[in-house]
Every structure is written in C-alpha cells, then in structure tokens.
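Alright, two takes on the same chain below, each alone as structure tokens: structure 1 and structure 2.
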Structure 1
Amino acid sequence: MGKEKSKSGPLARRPDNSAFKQQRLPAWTPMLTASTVLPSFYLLALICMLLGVWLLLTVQNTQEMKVDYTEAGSCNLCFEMRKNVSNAGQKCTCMIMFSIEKAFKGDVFIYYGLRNFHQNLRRYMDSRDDGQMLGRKSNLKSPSSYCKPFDVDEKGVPIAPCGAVANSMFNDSFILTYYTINGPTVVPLLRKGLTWYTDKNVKYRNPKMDNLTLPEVFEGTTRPPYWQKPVYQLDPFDPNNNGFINDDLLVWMREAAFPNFKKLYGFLYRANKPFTKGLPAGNYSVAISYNFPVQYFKGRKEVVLTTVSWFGGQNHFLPIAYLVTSGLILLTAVVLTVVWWKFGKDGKNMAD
C-alpha cells in the first residue's frame, strides 16, 4: 500500500513554503536600456570585424594553385580513351606544364581535387562494410548486404573491400618535376601519414595474419570491379601500407560533404635542396597516370598545391562570415541608435 497523503482538499497540491519552490531565491535581472544595449552592439560588431580581418589576413598569407588536367594538353587523349569502358584496363599517361611565379614557402601539401562527384549521397555512403574494413574474418568472406551490387563478383567470389565507396576509389597518380638550369629534378613527395590516427589504428584494420602473408589472408576474395590490382598490392614499395590500412584507401573512404572537394595525396619532402624552404618559383610538370574517368558524372580533375597556416588551408568562408556578421550587427546598432535618439531619448515621444 502506498503512503497516504498528509494533506487533502484544495491545498493538497500546494508547493512547500520554501524559498526554492516559492521562487524567493535571490536573482539578478538585467535592465536593458539604451546605455547598456547599444555599446554592447557596437563592441560585438568591433570584435567580429577584428576577428574577420585577422582571419582574412591569415588566409591570404597561404598560397594555393589549382591545375585542372581533365582535358589539358596530352591528357585530352586519355580523356577520350576513358570514355570507352572497354579501355578501362589499358594504361594511359599524360603530362601537363605549369609555372609557379611566387615560391611556396614552408610545408607544401599536394591534393587531388574532384568536381561534381557526390560522395554525400546516402546510398553511396551506406555501400560499405565497416566490419569487413575492421578486419573481421567473418565479414571478409561474407560481405554485408549494404555492399550490393559490389558484394560479390559474377562468379560469387566475395569482394574485398566491398561496396560502392571502395569500388570508386580515386586511382590517378602523379610525378611532379621541377625544371632548373641544370636539368629536370623530380620533386620528392612523402606518401605516408596522410590519414587520421583513428582511421589507421582504430576504425580500419587488416585481418589477423596468424603466421600468414597478406595475400594468403585475402585468399578467396577478389578485387573491386573497377580496381586494377587487389587490395594487398596497392603499395608495391611499402608492404606495411597494403590491405585495409592503405593510406590512399583510407583517405578516399572518408567521404566528402560537398560535390567539389580535394583529398590529400602527399607532402613535399624538404630534406634536400632546392626544396628545403619549399617549392621554388619556376617551371614544373606533372606526369599523370590517367585512370579515373569523370565523363559519366560530368566531373573535373585537378592537382592542388597549397601551403597551410595555423588556421588551415586557403578558405575564405569564416573570415567573410565574421565580416558579414560584423556589418549586420553594426547596421542594427545604428538603426537602434537612430530610433533611440529620435523617439526614446527623453522618453516623451515613445507614446506617439
């Protein structure tokens, strides 16, 4: 039996006579007057303007160059070749020339960029098997149904990695060359350390080896249909960069939020001259292994060279947002000041 109420009648639901329940606790209520509100608006506008100018100057100190190679130079022949699906297995290389007028000082990052490629479609993002990419052997041979139609090949052999995301992995490669008086010099690039720590060590793992080689672990699986080599042979120069922990694969598997995006390809290796201070001004070329087709989604491809600051790369969104916000707040403050000066300064005209 429940405890009987101590009170009955119309006063049974009345709160206790305490400071908290009777709302008698001390409180501070600000008095919003023109002398307090208007200075706050002007101060906030000034702060946003200073932040916007500071971030804008920071962004402008970074350098960025985009080189569209979709149909540029000799890449036009490769572009036409990739229109025919039957030529997907044939290799095609091309070269484009460009010049850097102002040296890129400091660390230089090399990205590949895609335009009009929608990685943010829900069905595309769901077309993967996180359990398989985590290295679970049960998922390795039995991919998730989310991967269909890229879960098994026409013979019923499971695909590793499965799904549309992995199948559409960007597979162009670049060799950057700098031309000096003494002749051409290949620009050294670091192709490791491109991924987040959690991606490399937590989210994605290779299946347990159990004294087997990586090809033996993946025995009984096949490569995705659009790949040219299996997952355990993605990096022929570094055996530790193969399988589900390959840097290029992990960079691609982190889907972009917008249809125009860039993804990290490598860093400038600054150990030897003439690259110790960055990329010097001069003439350059990029030799491209042209594999990724863009005709089917009317896309574009580009190589992006950029420096970074503490704020990141060259992105004007946040500085402009601060400046626009500052202007709006300042405009509101001016309007309120005019209204207060004309109608509410002495309080006599407010009724009118």
Structure 2
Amino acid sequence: MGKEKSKSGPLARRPDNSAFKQQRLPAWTPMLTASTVLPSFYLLALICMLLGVWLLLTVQNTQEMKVDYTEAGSCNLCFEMRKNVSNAGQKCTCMIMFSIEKAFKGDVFIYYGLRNFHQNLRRYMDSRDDGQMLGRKSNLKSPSSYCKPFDVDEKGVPIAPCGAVANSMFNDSFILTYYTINGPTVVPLLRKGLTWYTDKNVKYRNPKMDNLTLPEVFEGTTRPPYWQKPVYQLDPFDPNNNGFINDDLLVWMREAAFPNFKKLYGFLYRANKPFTKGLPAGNYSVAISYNFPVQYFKGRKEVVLTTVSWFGGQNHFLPIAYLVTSGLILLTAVVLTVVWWKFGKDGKNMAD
C-alpha cells in the first residue's frame, strides 16, 4: 500500500517517525469553556455597546426628509394622466410644498426614492449588455440576446442602451426652490459626480469617437422605446455627460437589491448664500417634471433630502442592532458567569 522504499535492512518498512506522519504536529489546543470565553463575551458586548452608542449619537445628528409626491398635491393630476399610456408623450409638471423645521447642516443629498419597483428580478437584472455599455462597437450594433425584447426595435434597428434596465430609466426631474423673505430662490444642485468612480471610468465607456461626434457614433442605433431623448442627448447642458457615461443612467443601471430604494439625484451646491452651511430651515417647494409612471405596479415615488455621517446616510438600523446585540451578549455573558461561578469555577464538573 505505502510507498515502496529502496532501502533495505531489518527496519526497511518502518514508517518514518516524523511528527506529521505520527500525528504529533505541535498544535494549539484551545478549550471552549465558560471561563475561557467569558472575557471575550464581555469584550464583545462592550465593543458592540460602544459602537452602538457612537452610531446612535452620529445618527441623531443627521437629518432626513422624505416627500412622497406620487399623488400629493397637484401631482395628483399627473398621476391620473400617466395612467393612460397614450399620454406618454405629453409633459406634466407639478409642485409640492414642504417645510424644513431644522436646518440641514453640511452636505445635503437629494435622492429620488421608488417603492415597490423590482429592480432585482432575475430577468430584469440580466436584461442588459455590459459589453455594449463598455463601448464595444460590435455589441453596439448587435446587442446581446439578454436584452430581449429591448434589443432591437420593430424595424430591427439596435437599441442603445439595450435591455429592460436602461429602458425603464427613471426620468422625473426636480427643481428645488427655497422661499426666503426676499422671495423664492432656486436651490442650486450639483448633478455630477453621482456615481462610483469605477462605473464612470471603467465599467461604462462611450464607443470610440475617432474624431466623430457622439450622435455620429450612435448612428444606426435607436433610443430605448420608453425614452424621449436618445442616449447622446441625456444631458443638454454638458456634452461630456452624455452617452453611456451619463450620471443618471449610471445611477439607474446600478440595480437596487430591494424593491424599495433611493438613488442619488444630486447634491447641494454650497458656494453661494444662503446655502453655504447647508439647507436653512424654512419653506421649500419642489417642482417635478412628472414622467415616470408608477401606478401600474402600485409604486410610490418620493424625494429624499438627507445629510450624511461618517458611516453613510441616516441609518437607524445599525445603532439599534448594535445596542440590541450588545444587550443580548451581555445577557449571555451574565448567564455564563453565573454558570461558571456555580459549577465550573474550579473545574468541579470536570473532575471525574
């Protein structure tokens, strides 16, 4: 069975007396008993407690404001209008008033939120062509079959960007206005730098230009059926924010894990007064260009304003979860201590 060894002699077949073969490798043999794990329990409870308190304090300093505009105020009309598919081409704007009681200090982020929108369906998530959006010419003209039925239009012209994800892109836009004593001021929003660096620079690229303009590059393709504008005209103000590297498109293309999600729309430009310190308290309105239909899937739309902390936006789950965990660990630690005190302190149970 074993290896035939070349050496001969009376002990020729004697196995090696090595630590490995004799299973005597030096080893660390930890024992899990109440006394050994107790310190780690208390330590863990302490860490969780400290983290929880710290997180809770941090979260207390962040602010969040949600404005559901699905059917609110004048948006009700738009909501009714979008119910009819034939009105898809018509524009509809509405306005919602809201007030901020406490000033948002620091950077303020504006999100659009969707509820009950399933970006995480398997067929939906697959319905995209990363090769096309990387700027591959071949994929541009013949999109992947995953994009079906949004790969080519009725005439057989390839759709760019293809697939259900791109096709369903969120296309409401917001104008935020602040009402001061002097009259309304439009809140300046930065609509750039909304994406991950890797998305903007690695994952999505426009096709090679070769001295052509963007519309020329996209010639021979058509816009997704639900879009009003082709992909190279998404941002009318900044020509560099068009095509497959448009920020809004990129934000949308990063599919949300759950049906309720919020995606970054823009953030507050803090160069000028009165917004240098954030959003001051007062009355605001948001003017919505109401395009995205949600009534089909019983969804809701909202605008979310928040400030962020060192661990992201307002997130009550983490501090509470940490505090609860800490409490539970402490409880088990106490139980263990009692057990250890009563039974295992001097190895009473261990002795035969």
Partner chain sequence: GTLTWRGNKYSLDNGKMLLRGCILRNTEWCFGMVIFAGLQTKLMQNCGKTKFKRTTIDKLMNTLVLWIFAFLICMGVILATGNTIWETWIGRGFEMFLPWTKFQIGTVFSGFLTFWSYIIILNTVVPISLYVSVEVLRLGHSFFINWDVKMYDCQTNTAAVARTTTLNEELGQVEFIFSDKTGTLTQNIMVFSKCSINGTIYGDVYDEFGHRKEITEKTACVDFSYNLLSDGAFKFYDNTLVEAVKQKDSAVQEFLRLLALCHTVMSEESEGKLVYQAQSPDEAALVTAARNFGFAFWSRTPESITVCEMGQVVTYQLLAILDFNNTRKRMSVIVRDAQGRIKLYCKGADTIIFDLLDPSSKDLMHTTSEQLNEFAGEGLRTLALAYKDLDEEYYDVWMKKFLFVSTVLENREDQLAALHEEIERGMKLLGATAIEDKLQEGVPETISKLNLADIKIWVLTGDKQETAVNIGYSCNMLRDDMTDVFVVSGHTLTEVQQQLRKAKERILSLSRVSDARNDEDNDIFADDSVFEEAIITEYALVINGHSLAHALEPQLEIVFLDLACLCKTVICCRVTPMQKAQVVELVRKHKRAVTLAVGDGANDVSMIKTSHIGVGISGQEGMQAVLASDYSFAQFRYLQRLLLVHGRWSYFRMSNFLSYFFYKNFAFTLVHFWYGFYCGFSAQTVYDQWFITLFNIVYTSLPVLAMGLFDQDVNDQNSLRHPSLYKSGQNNLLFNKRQFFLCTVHGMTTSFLLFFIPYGAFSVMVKEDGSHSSDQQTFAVTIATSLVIVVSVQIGLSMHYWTAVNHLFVWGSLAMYFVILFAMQSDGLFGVLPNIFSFVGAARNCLSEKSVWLVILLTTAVCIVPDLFVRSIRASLFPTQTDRVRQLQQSCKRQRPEEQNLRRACRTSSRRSAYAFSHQEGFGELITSGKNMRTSRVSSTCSYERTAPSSKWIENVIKRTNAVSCISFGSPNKSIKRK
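Counting starts at 1 with the first residue of structure 1 and goes up one by one along its sequence. Heads up, when I say rigid core I mean the largest set of C-alphas that superpose within 1.5 Å between the two forms. Nothing here was measured: the structure is a model prediction, and the numbers come from that model.
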Two forms of the same chain here; which is the form predicted on its own?
-> 1
Between structure 1 and structure 2, how far the Cα of residue 333 shifts once the core is aligned, in Å | 2.7
